[in-house]
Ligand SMILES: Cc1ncc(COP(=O)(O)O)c(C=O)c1O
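For reference, the chain that follows is the form predicted alone, supplied as structure tokens.
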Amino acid sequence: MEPIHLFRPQYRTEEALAEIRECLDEGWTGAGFKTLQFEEAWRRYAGFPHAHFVNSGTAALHLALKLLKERGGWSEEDEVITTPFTFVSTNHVILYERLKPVFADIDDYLCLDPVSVESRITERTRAVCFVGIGGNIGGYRQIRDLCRARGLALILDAAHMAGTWIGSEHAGVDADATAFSFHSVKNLPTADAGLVCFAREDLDREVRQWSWLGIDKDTYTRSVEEAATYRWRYEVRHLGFKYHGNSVMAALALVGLRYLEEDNQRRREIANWYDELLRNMPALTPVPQPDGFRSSRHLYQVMVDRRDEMILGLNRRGIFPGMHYAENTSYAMYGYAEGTCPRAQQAADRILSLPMHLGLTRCGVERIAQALKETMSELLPHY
């Protein structure tokens, strides 16, 4: 029987090749041809006033923090409240800017707990970085209101949230900066790319220089807008980064965006199958979803005892789930905060991400549910 894996990216190959062919025929595969088209398409789709296409979600998150720090006049060792329950890039970018990650605990949704966040605010707190795990919004709205009341910047790590809607608004439209990932396993897959969306127009203008080594005009703009005599001339205003996206990745993203709502609806259908089939398994608890939003459903996560043994049992049955995430303070570099987020540690010991991708069928989900039941019966005799 064919194995069922956690992720399996799906591309509309012929449409993608047609978009990429335009880049090759034009002779322009770098920034500025398809990247500008994608930025405009994203703004129309999601309602963000600004969007800048970069080479990864990590780059997007770093640029968001970098520019808010620069414009906010933050000092080294100022604090950013963040979650320990995330991929490490969320917290690495805080250290890139010589700021201090202050870890708050999580809630039942696996997102930052608003009560814990408020308790960690000090006179040195400058921002909160909220991560929407699996597309979940958790207590995002309460934390947004808290940031506004306390004068803190709000950064949304929306790596899992392409196509997550809160009421009639896309998640992150009301944040100071929002970072998306378009890695190959994400809901809008390329090979790797990202997007940073600032609320402020001046930051959107400036980020285009920071992502291109601090150069004040990118090569594409100079090639199509300036007088031919001085196309080579530019100024370097910042010690920037080579974080810009390219037109090949943007071509893949343009195709993916056409189908994002359809694909996310399919993911929600798969999640509903899981909800139905796992309902009578008392040893297993799906992560809840709050009211008032429509999730991208990047992940379907459950809590289960003896998780590592469960994974091995599922593997023997041809099911290959995942684990999102290890609690970051368990890593040596963040060990200074070990023990400060007990709920995150408990979740990290029990969390299991079940297969979630567009290739799953009802029969596949039934097979996963049966494998879970059999494995639990082995490991938990009284189940």
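The numbering used is simple: start at 1 and walk along the sequence shown. Bear in mind that the values here come from a model prediction, so they are computed numbers and not experimental data.
Omitted from view is the form predicted in complex with this ligand, to which the following refers.
- The closest non-hydrogen atom of T82 lies beyond 4.5 Å of this ligand in the model of the complex.
- Taking the partner from elsewhere, Y325 is found to have a heavy atom lying within 4.5 Å of this ligand in the model of the complex.
- Contact check for H244: no non-hydrogen atom falls within 4.5 Å of this ligand in the model of the complex.
- In the model of the complex, this ligand lies farther than 4.5 Å from every heavy atom of N136.
- A single residue from the set T90, N187, S211, S295 has any heavy atom within 4.5 angstroms of this ligand in the model of the complex; that residue is T90.
- S56 is the sole member of S353, Q37, Q345, S56 with a non-hydrogen atom lying within 4.5 angstroms of this ligand in the model of the complex.
- Residues placing heavy atoms within 4.5 Å of this ligand in the model of the complex fall in a single listed stretch, namely 56-64, out of 40-48, 56-64, 336-344, 311-319.
- Applying a 4.5 Å heavy atom cutoff to this ligand in the model of the complex picks out no residue from 275-301.
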